[in-house]
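Below you will find one chain, with nothing else, as C-alpha cells; this is the form predicted on its own, and questions on how it binds or moves follow later.
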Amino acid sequence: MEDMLFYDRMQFAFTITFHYLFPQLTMGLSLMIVYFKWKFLRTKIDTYNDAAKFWMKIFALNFAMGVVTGIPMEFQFGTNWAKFSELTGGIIGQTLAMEGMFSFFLESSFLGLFLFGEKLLGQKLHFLTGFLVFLGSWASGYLIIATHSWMQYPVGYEILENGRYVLTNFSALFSNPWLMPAFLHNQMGSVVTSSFVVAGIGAFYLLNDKHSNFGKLFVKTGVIFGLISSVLLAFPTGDWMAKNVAEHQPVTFAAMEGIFETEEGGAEIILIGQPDMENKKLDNKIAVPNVLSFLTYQRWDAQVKGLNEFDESVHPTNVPGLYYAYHIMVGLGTIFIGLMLLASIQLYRKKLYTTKWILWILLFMLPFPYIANTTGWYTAELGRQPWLVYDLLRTADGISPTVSSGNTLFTLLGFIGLYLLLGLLFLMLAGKIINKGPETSKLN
C-alpha cells in the first residue's frame, strides 16, 4: 500500500509540475497582450500591435501544450485516485466542469479569433477578443483554485451515510476564505513569470542587436509589470496567504517556518537553517527574533505554535520538503523585487537599454520565476499532507486499490519519456518564433 501511495503521488506530482509550466505563462501573458493591444488603440503606434500579435503566438503555443499535458491529470482522478473521486466528485466535479465548459471554451474560441480575425473584425473587436482570452484564462485559474481551496479548507458540505461528500451550499465554494488570497497570490506569480519572460526576450534582442525597437519595448514593459507584480506577490497577497495558513492550518505554518518548539515572548523568523528531524530542531540557523510574530499577528510578543503542540499524526508528511520549498519561494521572490527595482531605476535614468550586465541578468533569470511558482505550489500541496481534503480525507484513503504500484510506475516512466519529447518540441517551436521575432505590419 505504501508503494502504491508513493507512486500515485509521484505520478501526479510529475504530471502537474510539468503541466503548470504552461498555464503560469499564459495567464500573465494574456494580461500583457491586452495591455499591448490597448496601447495600440490609444497611440496608433504599430509596434504595440505587432508586439501583441507576436506574444499571442507564444501564448497559443503554451496554451496548446497546457491542453495536451492537462488531459492526463483528469484521467488520473479516475485511475489512480478513484476513491477520492467517488467520495468528493459531487463537489469538486462542479467547479472542474465549470472550468472546462465555460473558461476553457471562452479562452480557446477567442484565441482563434485573435490570431486570425484582425482584418475581419477591425481593431476594437480584435481588442475585445484579446480581452476575452484574458478573461477566460483568469476565470480558468479562479475555478481551478476554487477546487483546490475546498481541498485546503472544506466548506458548505455534508457527509452522507455512504461516506460521500455532497454540496449543501453552492455559494460557499466561492466565498471560501481560502479562495481569494490563494487566487490573487497565484495570479501575481503568473504575472511575474510572464514579466520575466517578456523582459528576458527583450534583453536577448538588445544583446544581439536585433529587433531593437521590440527589444526596448519588451524590456520596459517586462520590468514595469515585473516590479508591480513582484511587490504585490509579497504584499498584500503573500502576506494574506501566510496569515490564512496560520489561521486555518497552524501545523502547516509551523512546518513551513521551521518552528519545532513554541517560543514564549514571540517567534523568530528563520532566514537560513536545515531541519533536523531526528532531534526536532534547525541546524545552522540564522534568525531574526520576534519578526514572525509581528508579521503574522502585528504583535512582537504574539505566540506562534510550534510542531510540538500538535500530534505527529497530523504533521506534514515531508517537513523538510515543505520547509525548503517555502523558503526557496520566498527567497526568489525577494530577489525578484530587488532586481526589478534596480532595473526600474536604470529605466528611469534612461540607461537600462545600454546597461548590459543588467540585461544579462534579466536574460539569465528567465527560468527562475518558474522555479518560484513550482515551489509555491509544492508549499501548498506538501503543507496539506497527510490529507487530500484537509482534516477530512487522508491521502492514503483516496487512492485506487485495484491499480498496482507496478502499473503506476510503468506509466510514470512513460510520461517522463513522452513529456521529455514534448518539452524539446516546445523549446524548438518557441525558439523558432523568438528567433524570427515580431512581424512588422509597417515600418516603425
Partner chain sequence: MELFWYIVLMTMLTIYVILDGYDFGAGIIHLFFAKTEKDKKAITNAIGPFWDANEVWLIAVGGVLFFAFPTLYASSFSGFYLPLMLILWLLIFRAIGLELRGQIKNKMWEAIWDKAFGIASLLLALFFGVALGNVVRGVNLGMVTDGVSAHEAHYFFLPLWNPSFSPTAEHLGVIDWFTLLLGVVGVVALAIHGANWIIFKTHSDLNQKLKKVVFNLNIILVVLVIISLLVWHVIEPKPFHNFMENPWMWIFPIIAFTGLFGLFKVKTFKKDGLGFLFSSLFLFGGLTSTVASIFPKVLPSTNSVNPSLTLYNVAAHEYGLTVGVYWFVIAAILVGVYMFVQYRVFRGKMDDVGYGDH
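Residue numbers count along the first chain shown, from 1. Note that the coordinates shown come from a computational prediction; the quantities given were computed from them, not determined experimentally.
The discussion below concerns the form predicted in complex with the partner chain, not included here.
In the model of the complex, does every one of Asn49, Ile272 and Ser293 come within 4.5 Å of the partner chain, counting any heavy atom?
No, the candidate spot makes no contact with the partner chain.
Of the residues Thr262, Thr334, Ser109, Ser212, which one places a heavy atom within 4.5 Å of the partner chain in the model of the complex?
Comparing distances to the partner chain in the model of the complex, the residue within 4.5 Å is Ser109.
Heavy atom within 4.5 Å of the partner chain in the model of the complex: which of Ile361, Val166, Ile345, Val288?
When the partner chain is considered in the model of the complex, the option within 4.5 Å is Val166.
Which single stretch, out of 75-83, 293-301, 220-228, 238-246, brings residue heavy atoms within 4.5 Å of the partner chain in the model of the complex?
Of the stretches listed, the one contacting the partner is 75-83.
Should Met365 be counted as a contact of the partner chain in the model of the complex, where contact means heavy atoms within 4.5 Å?
Met365: no, not in contact with the partner chain in the model of the complex.
Closest heavy atom of Thr411 to the partner chain in the model of the complex, within 4.5 Å or not?
Output for Thr411 is yes: heavy atoms within 4.5 Å of the partner chain.
Test of understanding: in the model of the complex, would Ser400 fall inside 4.5 Å of the partner chain by heavy atoms?
Contact check for Ser400: yes, within 4.5 Å of the partner chain in the model of the complex.
With the partner left out of view, is Val314 within 4.5 angstroms of the partner chain in the model of the complex by any non-hydrogen atom?
No, Val314 stays farther than 4.5 Å from the partner chain in the model of the complex.
Using the arrangement in the model of the complex, list in sequence order the residues of 410-432 with any heavy atom within 4.5 angstroms of the partner chain.
Contacting residues: Phe410, Thr411, Gly414, Phe415, Leu418, Tyr419, Leu421, Leu422, Leu425, Met428, Leu429, Lys432.
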